[in-house]
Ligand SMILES: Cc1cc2nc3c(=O)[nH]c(=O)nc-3n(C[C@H](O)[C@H](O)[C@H](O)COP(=O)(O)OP(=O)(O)OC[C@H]3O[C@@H](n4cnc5c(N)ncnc54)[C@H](O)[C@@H]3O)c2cc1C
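Let's start with one chain on its own, the form predicted on its own, as structure tokens.
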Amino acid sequence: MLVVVCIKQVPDTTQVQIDPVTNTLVREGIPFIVNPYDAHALEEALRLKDQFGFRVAALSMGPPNAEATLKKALALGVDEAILLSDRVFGGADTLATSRVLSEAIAKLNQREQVGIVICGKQTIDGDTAQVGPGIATRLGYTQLTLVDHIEKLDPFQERITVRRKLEGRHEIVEAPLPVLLTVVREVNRPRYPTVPMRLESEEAVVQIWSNQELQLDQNGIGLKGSPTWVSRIFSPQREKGEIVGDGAVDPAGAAHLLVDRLLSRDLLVV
């Protein structure tokens, strides 16, 4: 069985700046990292490999420099890495992105049975959480989101049981394979590559698939196939804070002043 893990190269959001003139991200000089949620997806795929002996393929869509992200996956132990890179893929929204990724997974499935696809819950540069479900829908796979633990996997019966982290509670779900999982941070603690594997990955080959391999209609991918787009990115303006009263000397008086101020702005209902 083949386990496919989808990973994405994203800008380090702790260092992202916005051009005040164009209202776009300043990418020059900004380091790129593996999307943190995808690092947990990668670790979970590798744990399945350790436990069951599955093969693991890492899949990413992005520009040529995203090869570095896949090299990191190879250093951690994936068996093959594939970069989907073509100018016609550029400018894709979540709909067009899921179309390309699902087609690549279907192509992998033609040569080896894909039983499990694992994605991070979302990416930190988009935060939509739509690509994983989009892939599952296109492939007709069972979709299990927000997974924080794989309770049981039976490869012979082709059944999986997972725990989903919901708001204020957990949910145990059993489903048939093939399945797509999106995982949250609590699912595991990612491993670090060993020095020998890191050195070996430098010589490893990352496969590059363009649209020549996928043969997708260009009107349905990239910018042409994206019905949504970002019209503007901006940092919200924040008003300066103020100190109300003297809480150290007169805490009761300060509390009354705060309540009065909140009431005057309709921020408090009594």
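Heads up: residue numbers just count along the shown sequence, starting at 1. Predicted model only: the values in this text are computed from it and were never measured.
There is also a form predicted together with this ligand; it is not shown, and the following applies to it.
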> Looking at 142, 128, 161, 194, which has any heavy atom no more than 4.5 Å from this ligand in the predicted complex?
Replying inline: 128
> Of 188, 102, 85, 122, which residue is found within 4.5 angstroms of this ligand in the predicted complex when only non-hydrogen atoms are counted?
Replying inline: 122
> Hey, of 241 to 249, 48 to 56, 210 to 218, 224 to 232, which bit sits against this ligand in the predicted complex at 4.5 Å between non-hydrogen atoms?
Replying inline: 224 to 232
> Hey, in the predicted complex, is residue 92 touching this ligand, heavy atoms inside 4.5 Å?
Replying inline: yes
>> Although the partner isn't part of this model, could you tell me whether residue 61 comes within 4.5 Å of this ligand in the predicted complex, counting any heavy atom of the residue?
In response: yes
>> Since only the chain is shown here, I'm wondering whether residue 35 would be in contact with this ligand in the predicted complex (any heavy atom pair within 4.5 Å).
In response: yes
> Can you tell me which residues in 149 to 169 come within 4.5 angstroms of this ligand in the predicted complex, by heavy atoms?
Replying inline: none
